[in-house]
Each structure stands twice: as structure tokens, then as C-alpha cells.
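Before any questions on binding or motion, here is one chain by itself as C-alpha cells, the form predicted on its own.
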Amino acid sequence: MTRKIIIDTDPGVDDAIAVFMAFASSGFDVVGLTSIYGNLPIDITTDNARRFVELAGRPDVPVARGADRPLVVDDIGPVPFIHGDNGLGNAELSDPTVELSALHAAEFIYQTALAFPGEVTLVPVGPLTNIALAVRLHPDLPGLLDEVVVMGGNAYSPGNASPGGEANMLHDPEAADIVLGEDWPLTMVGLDITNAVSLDHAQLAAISAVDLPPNKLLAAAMPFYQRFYEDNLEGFEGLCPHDAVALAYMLRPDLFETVKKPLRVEMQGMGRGKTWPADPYHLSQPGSPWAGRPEVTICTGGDAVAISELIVAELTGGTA
């Protein structure tokens, strides 16, 4: 079954892997890309999203520019040392030519869901500011979507952008807490599984060897991102394609282990950005911070090897 999806993205090398995986897969009908600040500032991430639809041969897919800052506090800042100054590993890039949607990302999300009620899955793989804005502007949005699949969070593992916080959640914890508290079918694909999924040298070579524009860009962009992993994690070879794991979940949920629990997002101190799952004892206590919160499907593990093989297969047409 082909699923209509909007990818809310802050490209970012792993964003590029995920978006091109979505365009390459018969399992997805990409009906829009919405940009968000995060890995790089909004001007860069928006231009990269425009490049993606052009390279994928899908200039008909709308690209809508989103928020340039968090809801409440200053942003923690971009990470060019991970993704390169241009977000794509400092690969040589031509200027994008596809026109932007006239709608803000939050409004684009709502209008697209309204046009296809019950058919659109929202796939945020960056900070959740656009999603929080969309649902605050349009409280009926949850009833219009099929599902929300978030790449972000860390229920049972440490953070990656701070001791407690996963990067996407740490950029805007206030927005994340809104999104994780809405009454819609939501799955969180976070560090509990994405840290375990890696693409090794042979898999990266297979992706890079495909003679298509998206793969050529990945071949140029991935080495910078790969060096970040290999320089900072002793004995590690390859890279973690975090954002693509959310799409793998949508294609093969049977490869994942999950639990259902309400979640809250920490707002203070070293734990800011941490996603806290409820436990039975504290959930039952008077004044519980999880009281009235809906259950979220949380990916806690899975078959990391099979997930990585699935990502490579989608990006290579099954030839790897």
C-alpha cells in the first residue's frame, strides 16, 4: 500500500538519505516537504529541500518554508560540524530553481490534510515547531491525519545533543511536549533504535554507486557525516541514518520492538529535551505529569541489521 506523506525536514545529511529513500520507495507518495531550522538555519534547510525535489525528478512536489526559531526560547544552534556548512557535507551544490509554496509550513500541513482527510501521514524528522504551530492554529488537525511518525526522542537511552536530550527534542522541547500530548496516532522513532542502526562502508558504497542524481548527491554528502561518526566514536565504521529509520518503521513495523506509554518532555536543566515515558507507579499518583496524556507508540529496539538492509534496498532499487 502506498502512503501519502509529508516530510518535515531540516536537511542535514541523514535527512537527505531519508527524503531520497521516500522518493525511491514504492511505499510512499510524497505530497510535500516542509522545512524547519535545526541542523542548519532555515534558509539553508529550505534550499536543500528544494534541491531534493529537483534531484528526485519531482519538481511537482510542493516545498513549504517553516519556522526559523523555537516557540519560546533561543535555539541551541546549528551543527555544521556534523553536516557541513551547507548541510550536505559541503558537496558542491547548484542553486535550486523550484518555487516555494506560498503557504507557511504549518498552514501547508493543515491544507494538505484537509485535501486528503484520513490519508496523510506526517513524518517530522527535525524540531517539532512546525507541527506544534499547525495543531495550535488548527485544533481539528489530529482528526484529519492518518498518523504521525516522529524521528526524535530518547525514552530509555541517553541524549545525543546533551546528556539528557535528543537533538530534535532539545531544539524545541515546548513544541515537542505539545506534539506528544495531542490525541492522534503517534509513533516515536528515537535514539533507542536509531543509535543501533548503521550503514557500513559496503552499504554506503552500494548507495553511492547508483547512477542517479539523488545517489550522486548522497555520494558527495555522506563522507563528511561519516567522518563525524568515525572520528568521535572509537571503533565505529560508517554512519547512523537516523531519519531514514522512521521511514523504515513505516514500511516494516514488524522489524521494530515497541511499547505504548504516555510521554512528557523535560523543560529544565541537564535533562531539557529528554522524553520521559510514564511508569505504572507514577502514572497512578495524584498530580501525575502524564495524567490525561495519550499513549504514544515508542520504538525501543528492533532488528538493526534488517532495518539497515531495508534502507539500502530502497535507495538502490534492491540491487545492493
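When you see a residue number, it is the position in the sequence shown, counting from 1. What you see is a predicted model, and the numbers here were worked out from it, not measured in a lab.
Form predicted in complex with a small molecule: not shown, discussed below.
Proximity to the small molecule in the model of the complex, taken as heavy atoms within 4.5 Å, picks out 241-249 from the listed stretches 133-141, 113-121, 241-249, 197-205. Of the heavy atoms in M151, some are within 4.5 Å of the small molecule in the model of the complex. In the model of the complex, no heavy atom of N48 sits within 4.5 Å of the small molecule. Proximity of N39 to the small molecule in the model of the complex falls within the 4.5 Å heavy atom cutoff.
The small molecule in the model of the complex is approached by L191, whose closest heavy atom lies within 4.5 angstroms of it. Just one of N160, N86, S101, N215 comes within 4.5 Å of the small molecule in the model of the complex, counting any heavy atom, and that one is N160.
Comment: the small molecule is not present in this chain, but in the model of the complex one of L186, A167, A106, L145 has a heavy atom within 4.5 Å of it, namely A167.
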